[in-house]
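Below you'll find only one chain, the form predicted alone, shown as structure tokens.
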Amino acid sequence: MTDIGKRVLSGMRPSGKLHLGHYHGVLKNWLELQEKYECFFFVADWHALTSEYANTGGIRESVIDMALDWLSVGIDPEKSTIFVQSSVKEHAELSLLLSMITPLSWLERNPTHKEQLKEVRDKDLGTYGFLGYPVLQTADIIIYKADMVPVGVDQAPHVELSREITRRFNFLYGEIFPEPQTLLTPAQKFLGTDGRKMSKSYNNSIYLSDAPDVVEKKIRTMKTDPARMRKTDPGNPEICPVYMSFHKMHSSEETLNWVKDGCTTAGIGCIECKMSVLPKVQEELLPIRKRREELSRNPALICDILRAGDKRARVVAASTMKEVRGAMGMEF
């Protein structure tokens, strides 16, 4: 049953073409949400600048690629508002106003900020924009008065920080915004061809747009249990990315049992294991790929859909900002 009284907001940084990790970790959940709630899904191009400010050349193409993949999997512009963050300037205005009331200590304790400063060595992330991105993130959410934000467990602290900023605004200026609630999504850590989390930066991804022969080659060459040097060596499916991500996501209980027994007893080889799941992966990707090819032949349609979404989003954002300016005494 659709609950049009509840509003959901979610976005993704434009990183180009999407892969199976995005599909199983995010997009399948969005498909369910758009049937139940009023959904706003946005391409977070300003957020991309927090780390890619020195390399902006590919952002526009990545925006189109991402929107194309969203539409290809079934995100419906008739059911959901699909838009580009930077096309709704009110996000920037609200972010500026929220930055005036957000204590610096709240941003400095953000665990993601600390982790990425340590882990990312090839970029200078010591910028105001990177430190303050939770403020922009809060503006993204509350400008639409979103009731819920779908995130994984690891992202839940970000929503909690948004809730704190929202509470502070409401305390200072009156109850303008609902506190956004965390809508926890099932953990879907989808492993790539090298056994690490599937990621474009690791070059280990199977993309939604990959041709069938490319998909087969990637799966055929995937890493498995390193202990299985030969077919006669028994293995452990629980440390094999083919079993843990692909079979568990696509195979029946009967096939799972066959793979588990065959692997642990060396009754089947790794190629047999991989090829048994390949048809299911190809079956899943086929309609997405066909839809993507159709949409790709009409790039103007993608732009039209985004412009229409931008327009709908701006109407809501402008109404909210009128309230905000009034509450803050900034309406002249």
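The first residue of the shown sequence is 1; numbering continues from there. None of the values given here were measured: they were computed from a predicted structure.
Keep in mind that the form predicted together with tryptophan is not shown, yet the notes after this line are about it.
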{"item": "Interface membership of residue 321, tryptophan in the predicted complex, 4.5 Å heavy atom rule", "value": "no"}
{"item": "4.5 Å heavy atom contact, residue 12 and tryptophan in the predicted complex", "value": "yes"}
{"item": "Residue 155 within 4.5 Å of tryptophan in the predicted complex, heavy atoms", "value": "yes"}
{"item": "Contact flag, residue 149 vs tryptophan in the predicted complex, heavy atom cut 4.5 Å", "value": "yes"}
{"item": "Among the candidates 204, 245, 81, 137, the residue which, in the predicted complex, approaches tryptophan to within 4.5 Å (heavy atoms)", "value": "137"}
{"item": "One residue of 67, 44, 33, 305 in contact with tryptophan, assessed in the predicted complex (non-hydrogen atom, 4.5 angstroms)", "value": "44"}
{"item": "Answer range among 93 to 101, 166 to 174, 196 to 204, 137 to 145 for contact with tryptophan, defined in the predicted complex as heavy atoms within 4.5 Å", "value": "137 to 145"}
